[in-house]
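What follows is one chain in structure tokens, specifically the form predicted on its own.
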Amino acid sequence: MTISNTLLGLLEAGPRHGYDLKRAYDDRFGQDRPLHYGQVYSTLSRLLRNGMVEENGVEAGGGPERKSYAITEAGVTNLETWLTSPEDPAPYLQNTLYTKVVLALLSGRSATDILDHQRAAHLQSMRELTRRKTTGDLADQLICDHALFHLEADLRWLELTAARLDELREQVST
């Protein structure tokens, strides 16, 4: 998810200050990775420079002036394009774990140990996500389900690879 497009989506409902955008982002999408204020303002600066947002006024207060930002027509068009474009399914044809397994086999290390440690890490992560899912709201449950399904697929790959280690060892050693 790109932060700039997410901020544009939040601005589509109406003008907001940087602080309000950060809070809205963190409430909806930042459970695990809240935005830093600097990231919000640097992103707004780029969006402003690229014509996706415009300043919508400045409020003076007890502290620094608060600029309000509004999405422009170009921003709405950009957001619409992003929202309606499918995400790249991104097959993981060359992942780090596969590389570790092959390098372990090439060096005479235990690829089984690597797979076992990874399996344990995946299972721990799945337990944490399952606990989080039981106490979260619907948005949190959906996010956790997405992560759990990916972890389940990884576990299937770990089992398949473990079952084929002897064959893979033969292929990489030649």
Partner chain sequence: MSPLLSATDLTKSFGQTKALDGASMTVNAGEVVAVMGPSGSGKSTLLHCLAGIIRPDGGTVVFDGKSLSGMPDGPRSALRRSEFGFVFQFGQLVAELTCLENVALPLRLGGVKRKTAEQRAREWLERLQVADVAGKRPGEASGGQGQRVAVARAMVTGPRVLFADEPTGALDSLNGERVMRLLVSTAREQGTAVVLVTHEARVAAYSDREVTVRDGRTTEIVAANL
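Positions refer to the first chain, counted from 1. Please read all numbers here as calculations on a predicted model, not as lab measurements.
Unshown form predicted together with the partner chain; subsequent notes refer to it.
Colleague: Go through 46 to 54, 116 to 124, 66 to 74, 25 to 33 and give me the stretch that gets within 4.5 Å of the partner chain in the model of the complex, heavy atoms only.
Modeller: Careful reading of the contacts points to 116 to 124.
Colleague: How about Gln39 - does it come within 4.5 Å of the partner chain in the model of the complex, if we only consider non-hydrogen atoms?
Modeller: Gln39: no contact with the partner chain in the model of the complex.
Colleague: Quick check on Arg109: any heavy atom within 4.5 Å of the partner chain in the model of the complex?
Modeller: Heavy-atom contact with the partner chain at 4.5 Å: absent for Arg109.
Colleague: Evaluate Asp20 for contact with the partner chain in the model of the complex, applying a 4.5 angstroms cut-off between non-hydrogen atoms, and reply yes or no.
Modeller: Outside the cut-off, so no.
Colleague: Taking any heavy atom pair closer than or equal to 4.5 Å as contact, tell me whether Leu148 reaches the partner chain in the model of the complex.
Modeller: Leu148 belongs to the contact set for the partner chain.
Colleague: Which residues in 126 to 155 have a heavy atom within 4.5 Å of the partner chain in the model of the complex?
Modeller: Residues within 4.5 Å: Met126, Arg127, Thr130, Lys133, Thr134, Gln141, Asp145, Leu148, Phe149, Glu152, Leu155.
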